[in-house]
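Only one chain is shown below, in structure tokens, and it's the form predicted alone.
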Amino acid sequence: MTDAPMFAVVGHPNKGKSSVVATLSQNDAIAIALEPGTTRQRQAYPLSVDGQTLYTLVDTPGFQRPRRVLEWLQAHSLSASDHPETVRAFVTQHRDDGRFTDECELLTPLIEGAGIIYVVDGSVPYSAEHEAEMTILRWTGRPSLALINSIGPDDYSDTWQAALGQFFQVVRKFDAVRAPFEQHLSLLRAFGQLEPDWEQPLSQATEHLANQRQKRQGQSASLIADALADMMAYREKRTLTLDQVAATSDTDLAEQLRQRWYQHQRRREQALRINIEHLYQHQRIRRQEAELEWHNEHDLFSEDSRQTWAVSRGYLATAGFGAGAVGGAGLDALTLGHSLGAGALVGGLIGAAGSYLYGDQLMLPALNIGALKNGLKTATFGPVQDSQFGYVVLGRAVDHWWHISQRNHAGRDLLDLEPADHHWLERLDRRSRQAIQQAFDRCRKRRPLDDRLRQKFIAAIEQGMAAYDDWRLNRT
């Protein structure tokens, strides 16, 4: 790959420059504030994939005195041919002049070879002061692109489009907070049109980012599969001495185990969410987990969660039949076909019947308190008895993944995991349904998934993620 292009993001103060940089550099650590002057010095943010820098964005302060700067440039220029050198002379002469600190900061990367990304707020009217800014930028002679990033409710985009088109090679609308990923790639391709030397590296950059996105989806499916296997099989266990047995009633012991089991499952789900957020380079998301204790409908074990994410009896019976038939097929194989498929049929019926029974409830794990033996008494709580818990965890995990994968790094709002209102798993193909059900059945029986079953489980979850994405983007 050739040298990575560099772009300086410039414009009026407080019009969304830092938001654009945060989204296109996938960096949610960049400060975004409503107050002007948050960015006082230029700061470079490279975007790297697998250790390779694809491009670098430079966040800059906003223009403070554009008309004064333009007056100086016009007074010291003889013809259009010396405009770039006149800008360079301005920066050299005023580098230590406090009146033009911000202008020198934003012009420095341009005289060093960066391209221009000029950001305007399309919800405010165009003014003469903006024209001074655009004229200064044109004097630099650098390849240029303008972004209309509307912040408020009003829309002056048409006026802006007409004005910007006279100064910049490419003009695009771009909502840094809400623009979907495909628009990011489209914007990068537009950057490549600015300069022949940038076309190849930016074409490679879009390819890297598209591959990275696909890879992240697969990695997320793997993380979800591991969490589900842990949570379905988890058992809380406690061994008591004679003194402890005397001091603890079975009722208290059961309650302690139940609370610890719940706590473990909640923490495991939260750990999964953090892992997926970090995978997508979201390090500072404000989540709702802190509200779980009192904001009941968001809790993993709430009735709201069960009603939202659990599947129907019909779904369970169908998936249970398929998963049971797969197990029964092993018996047919052992009899070299002499069972005439009876093993698969019986296994399917047993699986369907067992799954159907748990179709409208979330069964708590079984409590088992053993007898006193050798001065010790052992009690266990878990694992879960039915698969509905797995579907609740799976639905919440896929929903969280979807919100994270769609979230731009300029987003600063509270992550709102709005529950779904239609069960997306109904769109999943039969094999994927069976693979998920089979994995749930094995895990809740504390039977480990071998590598083949684990890979089938991950692939089925990834299919589920695709089904969820399709449902989210196309629902009416």
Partner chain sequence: MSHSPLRLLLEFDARSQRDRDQPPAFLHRRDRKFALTCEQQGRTPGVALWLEHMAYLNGPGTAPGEARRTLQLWRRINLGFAALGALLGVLTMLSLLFFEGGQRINLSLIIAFVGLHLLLALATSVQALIGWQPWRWLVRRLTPRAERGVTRRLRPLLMARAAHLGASAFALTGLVTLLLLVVVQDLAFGWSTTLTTGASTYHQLLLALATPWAWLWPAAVPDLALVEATRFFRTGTGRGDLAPELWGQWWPFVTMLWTTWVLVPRLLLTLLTQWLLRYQAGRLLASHPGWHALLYRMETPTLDTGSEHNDADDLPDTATQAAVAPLPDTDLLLCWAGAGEPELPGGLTGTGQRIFRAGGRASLADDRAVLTEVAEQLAQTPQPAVLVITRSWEPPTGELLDFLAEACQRWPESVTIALVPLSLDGQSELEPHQLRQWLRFAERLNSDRVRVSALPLAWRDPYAASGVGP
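Numbering follows the first chain given and starts at 1. Small disclaimer: the values here were computed from a predicted structure and weren't measured. Rigid core (definition): largest C-alpha set, two forms, superposition within 1.5 Å.
As for the form predicted together with its partner chain, it is not shown, yet the points below apply to it.
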The listed residue (Val124, Val245, Ala254, Ala366) that reaches within 4.5 Å of its partner chain in the model of the complex by any heavy atom is Val124
If you check Arg431, Arg446, Arg68, Arg427 against its partner chain in the model of the complex, which one has a heavy atom within 4.5 Å?
-> Arg68
Residues in which of 261-269, 126-134, 306-314, 82-90 have heavy atoms within 4.5 Å of its partner chain in the model of the complex?
-> 126-134
Can Val49 be called a contact residue for its partner chain in the model of the complex at 4.5 Å between heavy atoms?
-> yes
Decide whether Gln26 counts as a contact residue for its partner chain in the model of the complex under a heavy atom distance cut-off of 4.5 Å.
-> yes
Indicate whether Arg396 is a 4.5 Å heavy atom neighbour of its partner chain in the model of the complex.
-> no
Report yes if any heavy atom of Arg286 sits within 4.5 Å of a heavy atom of its partner chain in the model of the complex; otherwise report no.
-> no
Core-superposed C-alpha of Ser81 shifting 2 Å or more between the shown form and the other one | no
Note yes or no: does the Cα of Thr92 move by 2 Å or more between the shown form and the other one after the core is superposed?
-> no
Just checking, between the shown form and the other one and with the core aligned, does Gln166 shift 2 Å or more at the CA?
-> no
